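Shown next as structure tokens: one chain only, the form predicted on its own.
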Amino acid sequence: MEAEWLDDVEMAAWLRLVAVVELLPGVLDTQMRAAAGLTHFEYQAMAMLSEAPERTLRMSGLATRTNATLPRLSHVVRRLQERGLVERFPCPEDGRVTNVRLTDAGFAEIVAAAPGHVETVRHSVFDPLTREQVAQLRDIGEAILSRIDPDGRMTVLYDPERASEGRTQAAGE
């Protein structure tokens, strides 16, 4: 089977996308380490907990929300627990499952770190774009996600319409 090679415009777009995907995590990680002594992934995990009911999720739910493997997440949660930012405990509904909860100290850490994170995201991603380009970026992200996340596992986390559709389908309505 012969590959359909990228044309010059597609190649230029692809190389820029790869550069953004490679460089942006380092920019976010550098800022977060300097401001809060956290990795960007640790911040993301804590942010997901901060938005959950009672700031608590099952480890598997947190793994889904952060797109992490359970072994990686377990290692990160252990480090956060050693710092008093999260706590682990058996799930009351199913003792075979482990829950993780953001502590008050962890919540305070997220609240303190969030403004710097948002400032870095704004400076690095949104300030160079026009409002039209931001809308285009959203649409481009949606189009790509429809291919690489067809079940909406990650998309449902930020798309309230999909989340409510999922709840309706789950309830059998």
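Numbers follow the displayed sequence, beginning with 1. From a predicted model like this one, the values you see are computed outputs, not experimental measurements.
Another form exists, predicted together with the DNA; not displayed. Remarks below refer to it.
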Give a yes or no on whether every one of 69, 88 and 97 sits within 4.5 angstroms of the DNA in the predicted bound form by heavy atom. yes
Among 103-111, 55-63, 120-128, 133-141, the stretch whose residues bring a heavy atom within 4.5 Å of the DNA in the predicted bound form is 55-63
Within 4.5 Å, heavy atoms only: does residue 76 come near the DNA in the predicted bound form? yes
